[in-house]
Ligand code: GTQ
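Below you'll find only one chain, the form predicted alone, shown as structure tokens.
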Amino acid sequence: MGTSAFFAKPETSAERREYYQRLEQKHAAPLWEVLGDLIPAQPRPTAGPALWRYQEMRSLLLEAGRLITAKEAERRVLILENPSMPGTSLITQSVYAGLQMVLPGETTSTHRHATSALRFVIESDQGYTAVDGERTTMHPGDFVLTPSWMYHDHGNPGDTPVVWLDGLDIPIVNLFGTSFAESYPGKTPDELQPVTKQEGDAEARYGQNLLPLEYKPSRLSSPVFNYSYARSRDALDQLYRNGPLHACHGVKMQYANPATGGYPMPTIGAFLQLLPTGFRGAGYRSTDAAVYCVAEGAGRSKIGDTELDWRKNDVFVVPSWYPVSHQAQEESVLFSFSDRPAQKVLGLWREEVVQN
């Protein structure tokens, strides 16, 4: 994805090099030497296309379950690190992703942090997440929020492992130097936040096309923190029947904050799309690098010059401004998330149809 520099670098000379050395001693530098790198003509993402096979990662998660307890690890997570960005713990330049597992009978400690987090549930029978005093049972395909600076914990009273894909805005928060984290006050590591609300309370108050009388949002994130896959899937089916298909995206919807109509969190947007059997999408590219998880089906995505074959529960990443097109061998549903809300607020987001 290399592009030529818009700002040409001037010729150098012995006299100029000596001058630059003296500038360096004063902790200064000539902008004209680096302007093309600082302001490239097009995005130059550090991240590259990559795919993680879920069955391979699941085996490694189960191995982690034998090697370390949830209490020792705080959160038993395998980071999905982009192979083009070794040592960064990141999947793209702006978001983090990992696969988290909670074994039967385990709970995780209650804590909160400035970073916003999402969970896309891959395996769960009776697993739950608790946010701000309310527990929600998680089912495969559910999209679950843990907004910035809200206490949360997880548990698994069932008989099988619970696994989900984590997505966090860690690099955005760290870019501004604004990371904070703390445990629930007055609790030992084994204790959890008290459950103060009935399960489904947030959904009843905010998720039924109704809001409490004279409701005024107290935070930027959505007051609903579990978006049911069953309901979202039904919506995709109905829209597919109603038509038409988008040439690039099939049937694609974005998760919304019901109180504002905006994105569920200010820094991370999430999307769900249906690709019918035999769908061959047109190519497009956008400035928000996207992390995908395959909720259903099997297919292929061409990302730049790379072709990735994916199947259920696999995770793959499309870097910023890489041409991408999707094909479905069978009816498929793709979940994805990106930093699109932050880009849009800053007036930076761009998308265009391309030949791929």
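From 1 onward, residues are counted along the sequence shown. Just so it is clear, the structure is predicted and the values come from calculations on it, not from any experiment.
The same protein also has a form predicted in complex with the ligand, omitted here; what follows describes it.
Novice: Taking the shortest heavy atom distance, is D166 within 4.5 Å of the ligand in the predicted bound form?
Specialist: Judged by the heavy-atom cut-off of 4.5 Å, D166 is in contact with the ligand in the predicted bound form.
Novice: Mark R75 yes when one of its heavy atoms lies within 4.5 Å of a heavy atom of the ligand in the predicted bound form, and no otherwise.
Specialist: Contact check for R75: yes, within 4.5 Å of the ligand in the predicted bound form.
Novice: Answer for R119 alone: is it within 4.5 Å of the ligand in the predicted bound form, judged on heavy atom distances?
Specialist: Yes, R119 is a contact residue.
Novice: Whether H111 contacts the ligand in the predicted bound form should be assessed with a 4.5 Å heavy atom distance threshold; does it?
Specialist: Output for H111 is yes: heavy atoms within 4.5 Å of the ligand.
Novice: Taking the partner as it appears in the predicted bound form, which of 232-240, 273-281, 93-101, 257-265 has residues with heavy atoms within 4.5 Å of the ligand?
Specialist: Of the stretches listed, the one contacting the partner is 93-101.
Novice: If you apply a 4.5 angstroms heavy atom cut-off, which residues in 135-155 are near the ligand in the predicted bound form?
Specialist: Residues within 4.5 Å: H152, H154.
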